[in-house]
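Before any questions on how it binds or moves, here is one chain, the form predicted on its own, in structure tokens.
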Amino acid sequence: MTALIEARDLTKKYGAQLALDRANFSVETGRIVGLIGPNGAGKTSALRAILGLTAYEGRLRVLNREPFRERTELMRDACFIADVAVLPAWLRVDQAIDFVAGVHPRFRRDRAMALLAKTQITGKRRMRELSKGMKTQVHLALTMAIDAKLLVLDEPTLGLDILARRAFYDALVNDYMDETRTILITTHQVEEVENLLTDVLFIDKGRIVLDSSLDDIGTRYAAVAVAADRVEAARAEKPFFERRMLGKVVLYYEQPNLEKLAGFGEVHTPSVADLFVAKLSGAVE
């Protein structure tokens, strides 16, 4: 199967600063992929390259197009929600709908109206009158009404309360996602999106340190909570990370021998958030 996004040796420099360092990754159709990394890891640079907003070195194909040279064609099949509001404060909601309908050939006005009908937002309200959560709902309705194959979300729920965040992700999964669409999302609230994701990309210092499906994580990694008297024996199995928690030592293994690890303590699959910390720390605490 041809990847919807494929990057090989993707590199981006800002002067002497290396934002992306020969990053390699791919994203298949019909997946919800979390691009996860610390501040300054290269997430935004990767998204900007994917969306054709910046030049780069290396090879990058998105929807079988070269993003920077073919951005106009690419954006007919891709859409984007940024981490900041982009609609002017004076604009009414119905004017925003009219604008997007006028500039995007694949925008469905009826779908935008149906999505907004599920909220408390009326067409005559101006953006300055809306809370941040309501503005996000407007952005989501406008974006989800575009019949796009790729949706890119950069910290889309930043600053929203937990109820607004939950409503956002529920709408995303229930009203937008299907097997023909792909979502690429960056967020610092990993625990909230973990159950939505099908795949993860961990990025650090401009390089991809993990490119995996959630299913593969379940078979490729294991964590064991080990009692103090079994720690040395467990360490002999060469964990790649360990941390202390509630009087026990939790050790993390790649390609584990589950039968052997079970003799040291309780074995479980690490959460995405815990695996992220373990992979980026990569040392004993």
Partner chain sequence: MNTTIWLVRREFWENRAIWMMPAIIGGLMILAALFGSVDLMASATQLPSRAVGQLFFVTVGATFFAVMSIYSTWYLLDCLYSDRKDRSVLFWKSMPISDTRTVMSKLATALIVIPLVYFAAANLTTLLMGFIISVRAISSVGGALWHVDLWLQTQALWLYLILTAAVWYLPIAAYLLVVSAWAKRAVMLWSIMPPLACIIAERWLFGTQVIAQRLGERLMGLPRVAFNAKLGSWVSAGVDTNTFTTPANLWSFIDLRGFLANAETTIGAALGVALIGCAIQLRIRRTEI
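Numbering follows the first chain given and starts at 1. Because the structure is a prediction, the values reported are computed rather than measured.
One more form of this protein exists, namely the form predicted together with its partner chain; it is left out here, but the text below deals with it.
Non-hydrogen atom within 4.5 Å of its partner chain in the predicted complex for each of Asp211, Gly218 and Lys279: Negative, none of the three is within 4.5 Å.
field: Non-hydrogen atom contact Pro105 with its partner chain in the predicted complex at 4.5 angstroms
entry: So Pro105 counts as contacting its partner chain.
message: Residue-level contact is defined here as any heavy atom of the residue lying within 4.5 Å of its partner chain in the predicted complex; does Leu163 satisfy this criterion?
response: Close contact is absent here: in the predicted complex, Leu163 is far from its partner chain, nothing within 4.5 Å, heavy atoms only.
message: Residue-level question: is Tyr169 within 4.5 Å of its partner chain in the predicted complex, judged on heavy atoms?
response: The answer is no: Tyr169 has no heavy atom within 4.5 Å of its partner chain.
message: Can you work out whether Glu155 and its partner chain are in contact in the predicted complex, taking contact to mean some heavy atom pair no more than 4.5 Å apart?
response: Glu155: no contact with its partner chain in the predicted complex.
message: I need to confirm a contact call. Of Lys132, Lys205, Arg111, Arg126, which residue comes within 4.5 Å of its partner chain in the predicted complex, counting heavy atoms only?
response: Answer to the contact question: Arg126.
Sole residue of Leu196, Met177, Val190, Leu91 within 4.5 Å of its partner chain in the predicted complex, by heavy atom: Result of the distance check: Leu91.
- prompt: Residues in which of 48-56, 231-239, 256-264, 26-34 have heavy atoms within 4.5 Å of its partner chain in the predicted complex?
  reply: The contacting stretch here is 48-56.
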